[in-house]
Ligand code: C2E
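Take a look at this one chain, the form predicted alone, written out in structure tokens.
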Amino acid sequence: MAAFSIRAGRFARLIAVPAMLGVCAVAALVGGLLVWAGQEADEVAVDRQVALATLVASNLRETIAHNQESVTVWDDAVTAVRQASSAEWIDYNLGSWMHTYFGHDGAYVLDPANAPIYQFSTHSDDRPYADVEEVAKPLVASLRQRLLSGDESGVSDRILSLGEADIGVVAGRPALVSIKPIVSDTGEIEQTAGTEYLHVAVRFLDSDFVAALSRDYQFEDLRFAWEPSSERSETNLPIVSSSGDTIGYFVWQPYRPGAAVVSRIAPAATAALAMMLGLVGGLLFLLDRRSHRLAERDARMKHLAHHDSLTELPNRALFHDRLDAALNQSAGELVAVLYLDLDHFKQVNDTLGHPAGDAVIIEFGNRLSGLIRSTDTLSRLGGDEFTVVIPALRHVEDVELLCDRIIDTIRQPFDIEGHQVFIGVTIGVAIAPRDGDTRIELCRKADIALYHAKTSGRSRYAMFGAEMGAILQARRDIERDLRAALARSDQLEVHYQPLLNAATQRIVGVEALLRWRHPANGWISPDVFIPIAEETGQIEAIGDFVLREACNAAKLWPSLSVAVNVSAIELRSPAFATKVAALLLETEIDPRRIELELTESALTDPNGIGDQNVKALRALGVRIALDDFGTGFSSLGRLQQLEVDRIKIDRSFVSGFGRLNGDEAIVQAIIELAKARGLRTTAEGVETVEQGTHLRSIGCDDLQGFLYSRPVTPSEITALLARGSSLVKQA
């Protein structure tokens, strides 16, 4: 017994106690290491989240300013804010659209005296700008001073105009207020420095913004608070104004991977010290997994900063980086830049909605990704604009083949929500070093080539050529000179082409046709300047001019009807019918003598404004003619649905008489259907006696063309009427 006790004491003294002490020491050391590693991991995780939140908050000012510049650096915006009648345009483009597209909570337009001429807000309907003015007033004053002094600091290829922004309290809520001047993008509109109209954008930093920030960057329980949280488990990020005042705080529960690991393995470590080494190995494994997850999240955040959230394609910033890298590493090889723009994409959004539009964008990106090399970069710049960077290009012909494949692939229908959607793509191409060796130069020339391809008919590609710059400049010259011509009275003229009754061979009406006698370039065809007028917003002023001239000329010929062409842009203006009615009343012209000629595309208005204008004008007595019937989307089936009084058969059918293409049968079918609906028919482009004779024989009501007369001045129309039957003898 005594020996047993001695052995037991020795075992305890020499083995058990040292072993227990050793295990406890190892356990204590490992436990200490665990606690220290967990704290370190937690600090790193918290620091990363704080850095990420700080970066997002600091980038918000530039993002909102960039959003504003999509509408403030724009000739049309300058023109609209100067016109009191453009409230709807301002609301759609500078107000509610900014909320719908970019999530802005307020938008205001200030005149040169800093008085609001337009106010949009999601928080108040009663003088909302009064809530913003306290924050905006010093920013407006600073911006006015900078504009007046010609300060250009901060302006770059990304930031196109001066701006001021600050964080403050608006309507009791934290908000970022950004001020931008509304300026000309072409420089053609004169503006006095310091007196520009200003655009004010407001983005609240609580509610929806906090929810989006929490969702996009995975901040747990993120919220805004006026005072910092005293909870040790929460992190506070102060929101500081430009003056250094703390407006409030972003508060959230930071993710702490170390604490989670320690709390998970502590019970197991306490229960079995003998498994310490295994648990240490398991701990290291778990820590490695946690670190891996943190690295994945960090990579995801970096990915979101450089990629488009909808398509996962590189965004503008990464596109610039990739293009710069390709140019720096080209070593004399060719580098191609493609600018791509979807054709008819707006129609998809208007008819099927924005979710369908997003689906088209995603499918478009997928199709393009399958056509390019792994070394190429496909990017989405925003909206329906894409780019492709092709480094290490061997032959220019390879780009041409790629463009052909892209166009052919995109022509295939898109199956979206059970609808087959047909769109196209237009491509502009610039190649280094042939077209330039810098990113800015290549992007500018690819954009010029894209514009050239669009003006040539869309669904095609164009390689940049030196002549394109001249063409673009010529277009800008025409735009500028057309504005000057509208302000004068000696360049734009309205000529009139007679319309003959097929049966009596007498003049029964005339069509008003605009002509431009340029002081330096002579006569400029409407086919050249009318599309430019439609793109630059001058078409409504031109339409007003032609309609007024036609009404005044109609007084000279009481027995004739007068036809005037109307563009889709004019017809879709809510005030169009009222404007026409006022002009008819002013000129004392019987509305039944006026005929407005519209194309079917003008009548296809998803908002229904065009249909409302047509119904109002027909109720007034104005007649409506469907021009160029047989082209574009026109069909005999659609004719049953259109509210018109006359059909004008396109000249392409008349010129096809005598050929083996069935044009005579098509024209006869149009005339018979028109008669069945009680509509009159006019054949355009009659140039031969045989054409006129055949059209009379199949029942066409009226004829128009060079066989009878070219468009002439009002005095020549009066002379033709005085000659009586002499015009018929010409046929």
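Start at 1 with the first residue shown and count on from there. Because the structure is predicted, anything quoted here is derived from the model rather than measured.
One more form of this protein exists, namely the form predicted together with the named molecule; it is left out here, but the text below deals with it.
Relative to the named molecule in the predicted complex, residues H66, F102 and K346 are all farther than 4.5 Å at every heavy atom. Proximity to the named molecule in the predicted complex, taken as a non-hydrogen atom within 4.5 angstroms, holds for one residue of D131, E196, E595, D627, which is D627.
A single residue from the set D435, D384, E164, E511 has any heavy atom within 4.5 angstroms of the named molecule in the predicted complex; that residue is E511. Not displayed here, the named molecule is approached by V566 to within 4.5 Å at the level of heavy atoms in the predicted complex. Under a 4.5 angstroms non-hydrogen atom cutoff, the named molecule in the predicted complex lacks D341 among its neighbouring residues. In the predicted complex, the named molecule sits within 4.5 Å of a heavy atom belonging to E687. The shortest heavy atom separation between E600 and the named molecule in the predicted complex exceeds 4.5 Å.
The stretch in contact with the named molecule in the predicted complex, judged by heavy atoms within 4.5 Å, is 520-528, chosen from 520-528, 477-485, 199-207, 317-325. Of all the residues from 530-555, those having a non-hydrogen atom no more than 4.5 Å from the named molecule in the predicted complex are I530, I539, V546.
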